[in-house]
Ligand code: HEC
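Just one chain is shown here, as structure tokens, and it is the form predicted on its own.
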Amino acid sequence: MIRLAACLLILLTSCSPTADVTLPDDAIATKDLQSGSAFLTEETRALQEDDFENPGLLWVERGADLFVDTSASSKSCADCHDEQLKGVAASYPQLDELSAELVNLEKRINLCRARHQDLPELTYESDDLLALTAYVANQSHGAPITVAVTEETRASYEAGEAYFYTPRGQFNLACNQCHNENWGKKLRGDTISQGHGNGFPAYRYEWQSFGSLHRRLHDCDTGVRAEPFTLGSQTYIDLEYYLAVRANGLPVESPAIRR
């Protein structure tokens, strides 16, 4: 199945200083933004919203345990953050002031481990990193995405936008061709979504497991027979950033369920 993850920029309104950006001609209007859950069956949406049956909550629960764990360090995540996480995930990716690099939530967790807990970074897509990311993201469940473009992050935004609009692979397809121009249409019996990442990390039926947005982007590149980038690469972080800006206003849904 060919579904590239993403689409286009939505101008920010009240979510912090934003550098001037130009909307492409095929931009999805703010009033037409729809989360990936809108393209699911009624039964799958009900499963996602079930606090007992949603399989992604298994990773959230594991993340909750890891968040207070002190078996590997004298300081737990909770020692610093306690109950101050609501809305945090909705503002990522964002600039890390110490390194002056754009980081996503997974990278922020690894930076905290290295800087404040004297622990090694967790491997991208490992169960522990997925669990911690799911737990932190879930603390912002329902909060609207508010990711800003600033002068410091403009280059990353533009890199993500360029990737979104560049045809690639043997099929010579770009993200916008699926998720801007043809969302809502059928592809091999499936309905093409707008390609937003607000539900990730998420449980996907295709994987029969839980996974990150970068794993989904990797699958999209593979689907068009392009050489995918490494999970956690700056290329995918820039694309994730562009997608987050594009999804501003949509609620955080992690742990979502996707096809």
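All values reported here derive from a predicted model rather than from experimental measurement. Position 1 is the first residue in the sequence shown; the rest follow in order.
What comes next is about the form predicted together with this ligand, which is not displayed.
When contacts are judged by a 4.5 Å heavy atom cut-off, Val103 does not count as touching this ligand in the model of the complex. Although the partner is absent from this view, Ala174 contacts this ligand in the model of the complex, with a non-hydrogen atom inside 4.5 angstroms. Thr191 belongs to the set of residues with a heavy atom inside 4.5 Å of this ligand in the model of the complex. At the 4.5 Å threshold, heavy atoms of Ile145 stay clear of this ligand in the model of the complex, well away from it. Judged by heavy atoms within 4.5 Å of this ligand in the model of the complex, the contact stretch among the candidates 227-235, 24-32, 58-66, 214-222 is 214-222. For the marked spot (Leu85, Pro93 and His116), a heavy atom within 4.5 Å of this ligand in the model of the complex is absent from each of the three residues. Between this ligand and the residues Val149, Cys178, Ala137, Leu129, the one pair within 4.5 Å by heavy atoms in the model of the complex involves Cys178. Residues Leu187, Asp190, Thr191, Ile192, Ser193, Gly195, His196, Gly197, Phe200 of 186-206 are found to place at least one heavy atom within 4.5 Å of this ligand in the model of the complex.
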